[in-house]
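Only one chain comes next, encoded as structure tokens, the form predicted alone.
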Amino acid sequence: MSFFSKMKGGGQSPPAVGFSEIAWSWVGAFLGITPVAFLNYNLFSGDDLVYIIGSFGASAVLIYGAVRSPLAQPRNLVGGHIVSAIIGVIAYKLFCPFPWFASAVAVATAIAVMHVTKTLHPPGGATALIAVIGSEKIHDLGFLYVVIPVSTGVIIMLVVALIVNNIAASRKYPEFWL
């Protein structure tokens, strides 16, 4: 098969999702992001900590909208974000004078380590990148970034996913833990 012919695809689009699934995805995402955003904007808005990062939005898509995906399972959600946050902070500390290089090292290394640890979670790549390209508030956190916002936010979102995704009879979460 030639290089370009692979790009034509060949399969068909997946079937449409029913209203119930859409509604439960919306409820889960709303309830999962709400406490994390509330912490960030109301409870701790006067301190130098950050409680919400962009990659949480992508995690919400997986853990509330694609609950059966292997990439959405707790091991991947928690492990992928934590591994990637650590790698992102290290990349920033080692290569901060060269943010273009630190960015590439952070994302590429996070993907490789998530593969090795069986914690592949696509938003983890963004978590690693945010550690490098984030604001001074993010950079000032150093390794605290792994705890707040990453681990704290991910645990809150996981608890909500466990509750919301098991209310509906048609849903089950998680598919596996380890």
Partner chain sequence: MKFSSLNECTLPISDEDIIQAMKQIPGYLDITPSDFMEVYLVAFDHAMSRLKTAITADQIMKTNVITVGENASLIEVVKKMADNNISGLPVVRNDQTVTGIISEKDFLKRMNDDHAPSFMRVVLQCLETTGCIAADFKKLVATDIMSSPCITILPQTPLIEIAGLMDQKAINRVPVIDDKLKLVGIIARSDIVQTMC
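Keep in mind that this is a model prediction, so the values were computed, not measured. Numbering follows the first chain given and starts at 1.
This next part talks about the form predicted in complex with its partner chain, which is not shown.
State yes or no: in the predicted bound form, is some non-hydrogen atom of Ser69 no more than 4.5 angstroms from a non-hydrogen atom of its partner chain?
Although its partner chain is absent here, Ser69 would touch it in the predicted bound form, with heavy atoms inside 4.5 Å.
Closest heavy atom of Gly65 to its partner chain in the predicted bound form, within 4.5 Å or not?
Answer yes; at least one heavy atom of Gly65 falls within 4.5 Å of its partner chain in the predicted bound form.
May I ask you to check whether Ala23 falls inside a 4.5 Å heavy atom distance of its partner chain in the predicted bound form?
No, Ala23 sits far enough from its partner chain in the predicted bound form that none of its heavy atoms falls within 4.5 Å.
Wondering, does Ile167 line up within 4.5 Å of its partner chain in the predicted bound form on heavy atoms?
It does not: once its partner chain is placed as it appears in the predicted bound form, Ile167 has no heavy atom within 4.5 Å of it.
Contacts with its partner chain in the predicted bound form - residues in 11 to 34 whose heavy atoms fall within 4.5 Å
Heavy-atom contacts to its partner chain in the predicted bound form: Gln12, Ser13, Pro14, Pro15, Val17, Glu21.
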